[in-house]
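Heads up, the chain below is alone and in the form predicted on its own; it's given as structure tokens.
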Amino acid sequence: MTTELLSANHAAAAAAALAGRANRVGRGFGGGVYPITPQSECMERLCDERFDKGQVVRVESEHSAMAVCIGFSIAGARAFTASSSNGLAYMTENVFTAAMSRLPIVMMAVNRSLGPPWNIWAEHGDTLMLRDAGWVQLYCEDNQEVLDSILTAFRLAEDRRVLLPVMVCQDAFILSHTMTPTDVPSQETVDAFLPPLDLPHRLSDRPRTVGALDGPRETEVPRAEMQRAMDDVPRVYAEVQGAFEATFGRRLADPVVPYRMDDAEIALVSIGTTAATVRAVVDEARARGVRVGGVRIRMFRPFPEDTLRQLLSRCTRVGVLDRDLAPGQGGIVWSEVRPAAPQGSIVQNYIVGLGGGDIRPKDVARILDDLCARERAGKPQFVEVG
């Protein structure tokens, strides 16, 4: 293992290359490449990698990038791509196709505002719009977690109890272009962690039909199977955590990461890099005697409702910080957290950091003050930052 100064984009590319070469005794590696800021550096670096078996294909659109991954994957190769924002919107048809075909593709998504108006900074609405596409979704807090999550995603996706694609999400520029010391494992260690892919339904000499017209029952059955696979993800992920720690010597983050929640009466819930700012505010408030804790949702699909319900069971006030907006509803994370909060608790939504505005400790502190002063929950609150 070596320590390198990497951006999260380059960390993702390094992990994908290691995972791809680990399948050299299988059916190799492939991916479709199309640039979009701020993920372009990931695929540029991946294009410079060399593979014993397989290739990265430069295509004319994001839709085609995912189509290439589908082709590689259904042939039994390990497949990877990356995209962001409107690129994800353009490939949406094939994002659904990949999941419904039960293909263990891994995609790194850099969270960026959807346009127009055009904006290249961090926002979570691009991946959250795909929350119902049948992909496992992991949201990362730092560069090391991005690299580790890409390796983890392949092992999780390729497990026969799962066989679903995985989306590894990271915040634009806050992670994608920020360089930090990152531990990069050796090829031999990754080989030990990622066995060759043996996709049970890959194309072979045995005739198969892909993408046929199905009747109602033929459509219903595989959807129910996808749900059962999603239900198995937390258990399989826990096993992968154990294997990862045994191989690499560090522990993967849990699907939900609590901070000072043991005796918390107030909780601040977030995803992505916002969680680090929340922790700083929690520490400052604790020093003043406020019994507040932080909750980071790392795995958004499948949604960890049972774990959240347990963590929030003693809380009378829950603030949910959304870097996204579903117009007419409010925050997407808030809408899914609410059922897990205790009955009668105040569950208030705060829309913060849209368009990439810096979420600073003073902004989260104002959110906490507002939450503590409330007698009841109100409409989603837009928080001005900066």
Partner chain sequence: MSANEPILGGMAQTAADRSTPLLRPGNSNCGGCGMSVGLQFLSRAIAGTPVQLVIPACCAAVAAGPFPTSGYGAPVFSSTFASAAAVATGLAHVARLNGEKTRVVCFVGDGGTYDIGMATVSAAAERDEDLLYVCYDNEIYGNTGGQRSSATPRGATTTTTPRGSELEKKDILAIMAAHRVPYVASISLAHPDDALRKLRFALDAKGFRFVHMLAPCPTGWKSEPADSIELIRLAVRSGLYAVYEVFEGSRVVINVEPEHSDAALERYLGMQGRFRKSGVELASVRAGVERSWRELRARSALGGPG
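All figures in this text were calculated on a predicted structure; none of them were measured in a lab. Positions refer to the first chain, counted from 1.
What comes next is about the form predicted together with the partner chain, which is not displayed.
The three residues Phe29, Asp205 and Gly211 all sit with a heavy atom within 4.5 Å of the partner chain in the predicted complex. The partner is not drawn, yet in the predicted complex one stretch among 157 to 165, 268 to 276, 249 to 257, 213 to 221 has residues with heavy atoms inside 4.5 Å of the partner chain: 213 to 221. Within this chain, Gly54 lines the site of the partner chain in the predicted complex, having a heavy atom no more than 4.5 Å away. Although the partner is absent here, Phe72 sits close enough that one of its heavy atoms falls within 4.5 Å of the partner chain in the predicted complex. When the partner chain is considered in the predicted complex, Ala67 lines it closely, a heavy atom lying within 4.5 Å.
In the predicted complex, no heavy atom of Asp262 sits within 4.5 Å of the partner chain. Contact with the partner chain in the predicted complex, defined as a heavy atom within 4.5 Å, holds for exactly one of Gln144, Thr189, Ser101, Asn86, namely Ser101. Note on the partner interface in the predicted complex: the residue among Leu308, Ala77, Leu175, Ala109 having a heavy atom within 4.5 angstroms of the partner chain is Ala77.
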